[in-house]
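The form predicted alone is given below as one chain in structure tokens.
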């Protein structure tokens, strides 16, 4: 009786031809590109930049006041976000003048207990932005070079690179949809996503190209290992997301760990996209390539 995720996915792949398998990943890839393009046209960046890259001030303090009351109290400042995390209130402000900054700092320190203030200047943020973009581009190019060196075959190598690119594009579009800003943490998540994506894609490509047996048998064998790897990582990430996001529900003394929460949710969605891209998009391209090569050899 086929009840497991791997068995259901394997059955799905067997029942559909290559065009049908590739259709959904490609449609989501195009939709994600459109979302990023709209965001770029409206804000000048494909994803919304966080304080790390735009500059600004983050204030965390112990308070029992409501979020609405805090928003009204600091409405004269360039406040961009207010949220409650357990017994603490976290406020985020955009760039402001030195005088306004000093006024805000004095007011918060005099009004609340356990105040933590982090400030990033706009010039430093712009520098970090350039470094982050370089890190993502260099990592992706490095990954593509390694993939081409390993397989030395154009179509399978392009399939691996396309799958990894789609993972990152879909994850970035997801960030725009749910309002997650690009921070140093989420950049790290996108970089980690490249590694996770390449793992499963190389596993699949190696099994299909370098092992004996029919393409479908090799795909099924790779799927059992790859899905187990990905679901194990997903389980760990879900646990990290729940603990870092909702631990304050158990005790008001715990506060939300925003950085870990954002990293884990971006990776969770990216790995779900990776499962789709690996076992539908990459699989369809590989199956078509192996079948085409076999047909040409028989004709020759």
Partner chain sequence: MRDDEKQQSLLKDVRVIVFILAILGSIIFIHPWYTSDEGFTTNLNYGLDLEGGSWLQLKLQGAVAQLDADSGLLVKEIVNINLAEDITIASTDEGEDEVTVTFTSASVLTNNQMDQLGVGQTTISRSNNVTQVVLHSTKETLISTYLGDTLKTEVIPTLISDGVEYEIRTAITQEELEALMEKVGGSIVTDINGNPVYKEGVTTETRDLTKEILSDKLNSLGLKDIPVKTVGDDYILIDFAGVDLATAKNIAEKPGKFEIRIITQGNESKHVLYGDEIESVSIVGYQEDSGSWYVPFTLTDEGAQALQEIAIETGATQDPMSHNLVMYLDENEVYSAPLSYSAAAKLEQAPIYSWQASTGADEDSKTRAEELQIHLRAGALPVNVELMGSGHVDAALGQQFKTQAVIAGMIALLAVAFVVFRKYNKPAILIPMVSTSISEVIMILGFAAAIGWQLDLASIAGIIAAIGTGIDHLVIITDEVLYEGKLPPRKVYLSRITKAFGIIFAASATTIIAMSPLVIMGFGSLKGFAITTIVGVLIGILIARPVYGKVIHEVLAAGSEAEAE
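Superpose the two forms; the largest set of C-alphas matching within 1.5 Å is the rigid core. No experiment lies behind these values; they were computed from the predicted model shown. Positions refer to the first chain, counted from 1.
The next section is about a form of this same protein that is not shown, the form predicted together with its partner chain.
Peer 1: Pick from 65 to 73, 41 to 49, 28 to 36, 256 to 264: which stretch has a heavy atom within 4.5 Å of its partner chain in the model of the complex?
Peer 2: Result for this chain: 256 to 264.
Peer 1: Out of 153, 216, 228, 111, which one falls within 4.5 Å of its partner chain in the model of the complex, going by heavy atoms?
Peer 2: Filtering the options by heavy-atom distance leaves 228.
Peer 1: Find out whether any non-hydrogen atom of residue 196 is located within 4.5 angstroms of its partner chain in the model of the complex, and reply yes or no.
Peer 2: Residue 196 belongs to the contact set for its partner chain.
Peer 1: Although its partner chain is absent from this view, report whether residue 240 comes within 4.5 Å of it in the model of the complex, heavy atoms only.
Peer 2: Yes, residue 240 sits close enough to its partner chain in the model of the complex that at least one of its heavy atoms falls within 4.5 Å.
Peer 1: Residue 139: heavy atom within 4.5 Å of its partner chain in the model of the complex?
Peer 2: Heavy-atom contact with its partner chain at 4.5 Å: present for residue 139.
Peer 1: Taking its partner chain as it sits in the model of the complex, is residue 81 in contact with it (heavy atom to heavy atom, 4.5 Å or less)?
Peer 2: Because no heavy atom of residue 81 falls inside 4.5 Å of its partner chain in the model of the complex, the answer is no.
Peer 1: So which residues in 177 to 207, when you check its partner chain in the model of the complex, have a heavy atom no farther than 4.5 Å from it?
Peer 2: Result: 184, 185, 188, 191, 192, 194, 195, 196, 198, 199, 202, 203, 206, 207.
Peer 1: Quick one: core overlaid, is residue 100 moving 2 Å or more at the Cα between this form and the one not shown?
Peer 2: Yes; residue 100 is a residue whose C-alpha shifts (by 2 Å or more) between this form and the one not shown when the cores are overlaid.
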